[in-house]
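One chain is shown next in structure tokens, namely the form predicted alone.
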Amino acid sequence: MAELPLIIDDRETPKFWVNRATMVEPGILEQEREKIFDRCWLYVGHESELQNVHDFRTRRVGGRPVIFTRSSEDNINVLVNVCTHRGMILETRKEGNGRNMRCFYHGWSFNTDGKLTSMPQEEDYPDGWKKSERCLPRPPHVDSYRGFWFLCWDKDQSESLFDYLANATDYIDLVADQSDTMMQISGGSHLYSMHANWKLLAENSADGYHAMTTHNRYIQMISASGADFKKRTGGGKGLGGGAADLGNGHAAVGASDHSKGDRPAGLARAFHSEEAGKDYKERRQHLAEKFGEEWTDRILGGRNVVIFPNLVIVDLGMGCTVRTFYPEEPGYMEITSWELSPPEVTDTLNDARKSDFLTFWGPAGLATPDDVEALSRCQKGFASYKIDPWNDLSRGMDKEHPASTDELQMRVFWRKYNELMTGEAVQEESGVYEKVDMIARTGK
């Protein structure tokens, strides 16, 4: 492992530096797997992905294969995707529906509750052998918040999911409250990889500083569509809004929308038609009647949320992406992202939302490929880390209320990272988020 410190957190100067060895050294990645991914709550999936009994999704969470499924009793289950006979991956399909899952190797079958239901020549097993003792294992802890399901691999974890999420629950609420029923993951997913360290994507996902340069093509495009970008961003000097420390390494940048529905918020293009503008205003009025003006302004604003260590929710008005990632090597990660949307919006608004989503985040969009290129170039630059060993994340460190273009949100992540890796807790800085209770939201 690299020589300490992993970070320099100097409050006097002030300055905040990150050791670039954390991005390249294999020994550090091994410690991250043990001290972070084996101990933190990790995102599994969204409940809307399992619409029907016996629906399932398979994926890796924290490097381990799992089955995310809905049982015959309509319960959400997270099962370890390993046959209890010889340890083979049980279900190889990415998604599907079926009452039973059968192992390709010896034919053992399990239901969506994880119970072993049958195997060939069961009569040949000795007396006292019980199928009930060979059920699929489960992660030690599984829980959900507002349709977002998580697991924790640490059997000694005593912190509940709700407590772990801390004030990030408010930002999840801002997303979940957009639907009267439940927000829904759209069909399909965006699977891609990046030759960069996983922590770079955690930083990038809430980095407002890079948008005007790295994504300038997109900014020019939405301005050309007729959107008054300066009004959305407080004069065009950034993406507007502020940064917040949500506790436990979670952080966010975001802003409220005060247009009263006269224009789309966030980074959406101008309304595609008069009908879209009318539908949007009616939708805003419905939310205001339900939650009040202040909470509605926050719902329809934009937000980038990083839930430590590797869940990102980015909701920028024209769409909401849910993103998770995992390191395969110090300089290589695999990423999965989904689109999350309210199912009750009109077809006009839904079509515009999907078009804007793909234009920004899609595989050929004007944001994701830019970020892949930028972070990959950073990783290449880290080859010289022994000569130039520090990244600088000091921007806005002397401000009482850091902006979204400052770097508080990255420092929040790195302080939690350093605490878990070294055991050294640090004092928070300004930008602590004051949680809004439900009474304040609804006015009741």
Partner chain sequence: MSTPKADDPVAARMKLRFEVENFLYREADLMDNWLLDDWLALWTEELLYLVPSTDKPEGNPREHLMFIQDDRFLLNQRVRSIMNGTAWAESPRSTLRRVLSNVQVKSDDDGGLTVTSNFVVYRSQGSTLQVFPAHAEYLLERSGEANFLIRQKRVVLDLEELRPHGRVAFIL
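Numbering follows the first chain given and starts at 1. All of these numbers come straight from a predicted model, not from anything done at the bench.
Another form, the form predicted together with its partner chain, is not on view; read the next lines as being about it.
- Residue contact check for residue 335: one or more of its heavy atoms lie within 4.5 Å of its partner chain in the predicted bound form.
- By the criterion of a heavy atom within 4.5 Å, residue 100 is excluded from the residues contacting its partner chain in the predicted bound form.
- Residue 347 belongs to the set of residues with a heavy atom inside 4.5 Å of its partner chain in the predicted bound form.
- A residue is said to contact a partner when one of its heavy atoms sits within 4.5 Å of a partner heavy atom; residue 140 fails this definition for its partner chain in the predicted bound form, lying far away.
- Listed residues 118, 157, 285, 355 were compared with its partner chain in the predicted bound form; 355 is the one with a heavy atom within 4.5 Å.
- Proximity to its partner chain in the predicted bound form, taken as a non-hydrogen atom within 4.5 angstroms, holds for one residue of 351, 113, 180, 294, which is 351.
- In summary, the region of this chain contacting its partner chain in the predicted bound form, judged by heavy atoms within 4.5 Å and restricted to 217-225, 167-175, 275-283, 132-140, corresponds to 217-225.
- Candidate site formed by 33, 64 and 381: none of these residues places a non-hydrogen atom within 4.5 angstroms of its partner chain in the predicted bound form.
- With contact defined as any non-hydrogen atom lying within 4.5 angstroms of its partner chain in the predicted bound form, the contacting residues in 184-215 are 186, 187, 188, 189, 190, 191, 192, 193, 195, 213, 214, given in sequence order.
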